[in-house]
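So this first bit is one chain, no partners, the form predicted on its own, shown in structure tokens.
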């Protein structure tokens, strides 16, 4: 398997570390990541986590912008200056820093969510709420209704 799939919740230990799920670690190893990079989601209380290919994806988008405009500068700040490196220890754990906790609201448990080429870190309650909203939006699309409308 070479994709981050599924989700799981893990407890944070007394030293502020949490075990990355074994199947996520297997993907990290298969892809040859020596470090992980975590970016704050712009519109969600979650962190996007991946290898340098995650940064590559953002940098390709930045390269399409005029380097003299504010958009390119904002995008560069977002992907280069508003994230953090995560180092897996020998037991497959990462540290939940204040930077991550403040953005996500994580306290005692961490939800890991596969997103294909990357994964996300969430506070479990916030993930549950987001999941319910996402399913409701998809159901509305399937039923051909707009948000707030009832199917006929």
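Positions refer to the first chain, counted from 1. All values derive from a computational prediction rather than experimental measurement.
Separately, the form predicted together with another copy of the chain exists; it is not shown, and the next lines address it.
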{"item": "4.5 Å heavy atom contact, residue 23 and another copy of the chain in the model of the complex", "value": "yes"}
{"item": "Contact label in the model of the complex: residue 32 to another copy of the chain, heavy atom within 4.5 Å", "value": "no"}
{"item": "Non-hydrogen atom contact residue 88 with another copy of the chain in the model of the complex at 4.5 angstroms", "value": "no"}
{"item": "4.5 angstroms heavy atom contact with another copy of the chain in the model of the complex for residue 15", "value": "no"}
{"item": "Contact set, 1-38 vs another copy of the chain in the model of the complex - heavy atom within 4.5 angstroms", "value": "1, 3, 4, 5, 6, 7, 23"}
